[in-house]
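Read the single chain below, which is given as structure tokens and is the form predicted on its own.
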């Protein structure tokens, strides 16, 4: 019987955690048992702006099993909310002030979940409401430029874009809009915590377990006294990135009751106690020669935020660098309204900002009577138009050309509204996809035992992205082992520090750290092999490889297990990868909860982007305006692909997300009350199987020898980028109607 071969980079291996997930053996944070657990339920405001006049809990206190009510009456001063955090969040219980719809105003704890729900229903809260500003057009909002609110922000610009625009022979100007969108992960927002003396343990779905500074400051304890565990996270993409007031409230309740407290927030509460994708507006002006070469690019963006926050995604950092142009001006503003604070949501900057740019490029192509792909070809560039830095690699036109060939782009009708199949108008659309290839810092510990089984440990996170699999695959490939011989442990602050699972940096950051630790182990094995009386004399030993469970040099093979036994039965190493752009002490900063990022559009020597091209066919019914998307194809170039199966899964999922952005997703805000209306899966629409008959992701081979030692770029947030524009462009090609505000609904086409 032959031994299983070692895993290879790129091989489409199945997920190592699949069985545990589908059988229920994978413990998500709310599944973790704790003795004598009490159960918490949040109380949230029913007004968007005003003050609490009275909280009457007398009826709640008579409910059997009632234990505790936390509110401003007994919390103020007990949780030391850090000043920096207070500027980001509007969800606190420290005062009578209500700053947004659904703000946390209290926490009920009881012996059972049912008892906590009943007690919460019995609490009466009286408010004194004030008139709230809901959005961009509401009276009372405040607008300011991001660079005035954030000194570090820079609006990319070069040349004199306004003058070039005015004098150009071909010009287009258009306004675009994207709506509020909310995280609706399968896993709800949960927290389970308990104290052991002055040490706090928290089980909570997290994309960054090391972010303990908020809790440490709240309770005046060292960061090292807080343990956060999140071995599995049922969907993140920005909604579970940092410490939250709900965590601090649960921890305070657990301290007062001296027992574990578990909270599982209701889905409708997640719309207001968590961050979300803010609505945006864009004014884009493009000018070109008659041959399509861009003369001017002006992109002005505007984003909603809360009253105290200066948060913005400022996506012109990417749109200004997509195409060759000598005259570029961008500006981003934020508008303060009476809303909860927005935050990162998958492809946070590029999904709204690339919608505007790629729609405008399609409009320019139509004005030029030019194929949209040809327009992009004439403006392709190998250097950043803002400062002249080279791209680490750039395969945009390769993606467009391969996609056009496989999609059948040549069948696209050049004249909009001319192709019909019975009662359906047919249209084709395309758009570029782009996402910065950022990197982080990470440490990783790898241990190899006498049976040639490896264990990999790091405080990274599985959020549905396949982290367990690609990390195991990196170690298996580096150590010459089959995938089944590698065990991965993630999601615990007791493990070596790793970067936040965000900005599509995870695979590149963690796999480079893991392979460095494995290289240290290989050196130990090589040293042991040199002691072998026969093997050590092999002149090819210095070039030895680990494969199929053996150290192989020339024609000789020495089992890894025997080398480990020779060393003492166990060999381990802790390696680290630190992105060159990271500040000094990046690993120690990670331990303190400060993530490190570099590369992307801010690399010192290069601009690094993952790129792709979307192709969409749409059908629009001539009578009802119903929109169907029978075919979606995406072609992507993202450097070294660790696992083609997990990468394709991320990309197709992202493409479907982009389809939802174009045709389904929108949180409706009542303009009078500034409250969210559709806070449920019944009313918040997302694509389902019937909406997606065919979606295909193609991965091109791309070598990037600049970005990191393994040449890996991110794919997790590349799939949604530009997809909404491709669909809007296809609808224009089908109907001749240009729709610039998302989502596009049948009523817009009747």
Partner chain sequence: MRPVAYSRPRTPEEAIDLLVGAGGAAMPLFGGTTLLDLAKLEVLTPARLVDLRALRPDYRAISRDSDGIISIGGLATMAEVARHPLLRREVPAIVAALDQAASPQLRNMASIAGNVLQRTRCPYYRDISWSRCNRRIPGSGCQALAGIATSHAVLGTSDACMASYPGDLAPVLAALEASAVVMGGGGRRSVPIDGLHRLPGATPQCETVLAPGELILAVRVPHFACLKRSTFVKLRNRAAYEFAEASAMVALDLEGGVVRDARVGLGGVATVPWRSRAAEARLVGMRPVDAAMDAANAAFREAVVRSDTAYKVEMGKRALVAAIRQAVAMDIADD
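Only a predicted model underlies this, so the values are computations on that prediction, with no experimental measurement involved. Numbering follows the first chain given and starts at 1.
Omitted from view is the form predicted together with the partner chain, to which the following refers.
For the options 175, 626, 387, 527, the one in contact with the partner chain in the predicted complex, meaning a heavy atom within 4.5 Å, is 626.
Only one of 327, 392, 447, 673 comes within 4.5 Å of the partner chain in the predicted complex through a heavy atom, and that residue is 673.
Interface residue remark: residue 371 is not counted as part of the site for the partner chain in the predicted complex, having no heavy atom within 4.5 Å. In the predicted complex, the partner chain sits beyond 4.5 Å of every heavy atom of residue 282. Shown alone here, residue 520 lies farther than 4.5 Å from the partner chain in the predicted complex, counting heavy atoms only. Using a 4.5 Å cutoff between non-hydrogen atoms, residue 622 counts as a contact of the partner chain in the predicted complex. Stretch-level contact analysis of 263-271, 567-575, 160-168, 375-383 against the partner chain in the predicted complex, using heavy atoms and a 4.5 Å limit, identifies 263-271. In the predicted complex, 745, 746, 747, 750 are the residues of 729-750 with at least one heavy atom within 4.5 Å of the partner chain, listed from first to last.
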